[in-house]
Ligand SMILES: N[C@@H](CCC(=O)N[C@@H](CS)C(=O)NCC(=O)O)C(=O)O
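Just the one chain here, laid out as structure tokens, in the form predicted on its own.
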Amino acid sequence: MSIVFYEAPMSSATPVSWALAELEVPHERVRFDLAAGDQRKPEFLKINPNGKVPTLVVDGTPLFEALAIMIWLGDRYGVERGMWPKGDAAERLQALSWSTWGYVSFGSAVQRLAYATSERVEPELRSEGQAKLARQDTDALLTVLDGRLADARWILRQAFSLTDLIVASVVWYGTMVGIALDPYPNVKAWLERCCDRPQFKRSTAG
């Protein structure tokens, strides 16, 4: 199988890079300079018309959106490595639920917080009110995750899985935009375990 991975350092492609490392998937890597506009070149827009990384090309067929890529990697490589539940396993339902929770529910709240507070956003577009609402949402969601981890080291209970990787990548990004984890000791300890993995460190090394 031929896999080409289009990525950029410290971007939305970082979790996919982490997943590829955990699963030891052979692939070719194409690194973009986003500031230079590599992702907007016509030849890449033919592959991903959104002009974004991460993007995989699998035997000539494009696959984009980080969550879709990581679920596909789980199905294709993670099951045999014990890092993703097989299709008829009860844990599969939990894996899909928590993975989507991480990217859709928690991820959208984190993005709203980032847009409301980031110095990269024009001052007139920032909003203390929207930041407050986003923090209320992230607090409520982190309370849920903290409860999930109250009696387990990992989200699917038994061992580290791609579900942990997917959710941890969003929580880690949340800490980059100002979310404090001290009120959520179970989440904080779990994230430290995730980020202590050598594959994570290599993927975030730049």
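Throughout, we count residues from 1 along the sequence that is shown. Quick caveat, the model's predicted, so the values are computed rather than measured.
Separately, the form predicted together with this ligand exists; it is not shown, and the next lines address it.
Site annotation in the predicted complex: the residue of V30, V58, V177, L34 reaching within 4.5 Å of this ligand with a heavy atom is L34. Comment: this ligand is not present in this chain, but in the predicted complex one of V53, V171, I155, I166 has a heavy atom within 4.5 Å of it, namely V53. Although the partner is absent here, A66 lies within 4.5 Å of this ligand in the predicted complex, judged by heavy atoms. A residue is said to contact a partner when one of its heavy atoms sits within 4.5 Å of a partner heavy atom; R40 meets this definition for this ligand in the predicted complex. Proximity of S12 to this ligand in the predicted complex falls within the 4.5 Å heavy atom cutoff. Comment: 44-52 is the region of 137-145, 44-52, 157-165, 22-30 lying near this ligand in the predicted complex, near meaning a non-hydrogen atom within 4.5 Å.
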